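Okay, so here's just one chain, in C-alpha cells, the form predicted alone.
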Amino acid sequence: MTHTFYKYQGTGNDFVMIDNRLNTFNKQDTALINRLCDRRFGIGADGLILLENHDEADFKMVYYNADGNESTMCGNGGRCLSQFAKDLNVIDKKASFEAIDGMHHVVFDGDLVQLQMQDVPTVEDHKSYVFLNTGSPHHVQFEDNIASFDIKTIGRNIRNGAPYYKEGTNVNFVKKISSNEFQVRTYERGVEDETLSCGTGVTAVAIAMNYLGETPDNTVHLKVQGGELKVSFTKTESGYNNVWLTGPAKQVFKGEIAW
C-alpha cells in the first residue's frame, strides 16, 4: 500500500510532511518515522511533521526528530507546516495552531512565513555560554573559526556532556558580523548532526545576543548554512515577548511511498 507524502524545506532545514487529518498514520511506529527520514533508505529529512485537526485552532502540529522520537518545538518546521496547510487550502493568509509547547500564530507575507514563538522569560548566562529555551533547549556560544571548525565533534560533546547529559540540548555556535547580523551553525539533538538551519536555534541566538549586549536592536538577522532568517522581539522587565521568526518555506516535492 502506498501513502502520499510531501517534502518541505525552510532555509535548508527539511521535513517530511504528512496530512494526518484522518488519523491514518501510526504515530507509535518510531522505526517507521526514522526510516522515512533516512536519506538513503527513505525520503530523507531532518524530521517528520504531521498536520492534524484541532478543535479550536486551525490545525495541530506533531513533530518528530529524524531519530523517530516526538520532540520539542521546531521553528522552521512550524513555518513549513504552516505553508503546507496553506498549500492544502486549510488556511489562508494567517492562522493559529497548537504545537507541543502551546499555541502559535502565523502570518504570510509574500514568500515569507512569519511565526510567533513562545515568550522567553529567562536567559542563563554561564560566562562561556548562554542557555535558554525557545520552545526547545539551546546552548549558545561564540566561535571565531565558524567556517571550518569540527562542529559535529564539538557539538556532540556539548550536547551529551555536563550539565545536559542524556536529555541533551541543541548547540549553537555564533560569529558576529555586524551590530544586528550574526552567522550561526547549529548541532541538533535528535538529528545528531549539524542541520543547515534551526528556527528555535536562531531565535535563541538573537535573544542571547541582545541579552549579552552584542546588539541593541530588537530585529536581528541570522545567516545560516541554508540561507537567512530574521528574528524580532520585544524586551521587557520580565524577559522577551512578541517573538517572531521570519523566513522562507517551500515545497520541494510530493510523492508516494510504501510503509
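Being a predicted model, the structure only gives us computed values, none of them experimental. One rule holds for the numbers: they count along the sequence shown, beginning at 1.
One more form of this protein should be noted, the form predicted together with a small molecule, which is absent from this view; the next part is about it.
Site annotation in the predicted complex: the residue of Asn160, Thr72, Gln141, Ser96 reaching within 4.5 Å of the small molecule with a heavy atom is Thr72. When the small molecule is considered in the predicted complex, only one residue from Phe233, Tyr211, Phe59, Tyr63 comes within 4.5 Å through any heavy atom, namely Tyr63. Proximity of Ala204 to the small molecule in the predicted complex: non-hydrogen atoms within 4.5 Å are absent; the residue sits far from the partner. Ser82 falls outside the set of residues with a heavy atom inside 4.5 Å of the small molecule in the predicted complex.
Looking at Arg185, you'd find every heavy atom of it more than 4.5 angstroms from the small molecule in the predicted complex. Contact between Asn172 and the small molecule in the predicted complex is not found at the 4.5 Å heavy atom cutoff.
You can rule out all but one of 27 to 35, 213 to 221, 51 to 59, 194 to 202: in the predicted complex, only 194 to 202 has residues with a heavy atom within 4.5 Å of the small molecule.
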